[in-house]
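Given as structure tokens, the chain that follows is alone and in the form predicted on its own.
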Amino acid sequence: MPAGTLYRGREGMWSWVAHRVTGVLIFFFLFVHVLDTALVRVSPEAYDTVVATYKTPIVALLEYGLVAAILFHALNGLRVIAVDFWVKGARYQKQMLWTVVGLWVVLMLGAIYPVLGHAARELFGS
């Protein structure tokens, strides 16, 4: 690390980076969602074509990524609120981050079947 570098790659910096990245990804999804929904007023046939592409296994994997981004962003956002507004928040920020990561992993494991089940059935049969 160069001398004088503020961030040293610790947990706090990586949670900051992940929070920004997930926020941008969620924004991008919302932007695309508004555009494709607006397409129904321009051309219902084109809208139907776009929606049909959303039923592919690749898009199901992207949906799982979207769930992962939203869930991490929400849980980490609660952690940021706790760090900012709880008197002892800064002291326990590392423990709270690992709690967020653990909870995120458990919830993402639980989301595998509901989000990817259709894609798995389409690829491998019932």
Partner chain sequence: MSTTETTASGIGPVEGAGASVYTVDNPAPLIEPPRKRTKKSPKSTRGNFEMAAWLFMRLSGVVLVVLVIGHLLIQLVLDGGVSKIGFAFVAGRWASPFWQVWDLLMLWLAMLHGANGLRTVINDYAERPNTRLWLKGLLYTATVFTILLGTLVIFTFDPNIR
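Residue numbers count along the first chain shown, from 1. Owing to the predicted nature of the structure, the values given are computational and were not obtained by experimental measurement.
Not pictured, yet referred to below: the form predicted in complex with the partner chain.
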item	value
Candidate site Trp14, Arg91 and Val100: all three near the partner chain in the predicted complex by heavy atom within 4.5 Å	no
Non-hydrogen atom contact Trp86 with the partner chain in the predicted complex at 4.5 angstroms	no
Contact label in the predicted complex: Val106 to the partner chain, heavy atom within 4.5 Å	no
is_contact(Ser43, the partner chain) in the predicted complex, heavy atom dist at most 4.5 Å	yes
Heavy atom of Pro114 within 4.5 Å of the partner chain in the predicted complex	yes
Contact set, 66-103 vs the partner chain in the predicted complex - heavy atom within 4.5 angstroms	Val67, Ile70, Leu71, His73, Ala74, Leu78, Val80, Ile81, Asp84, Phe85
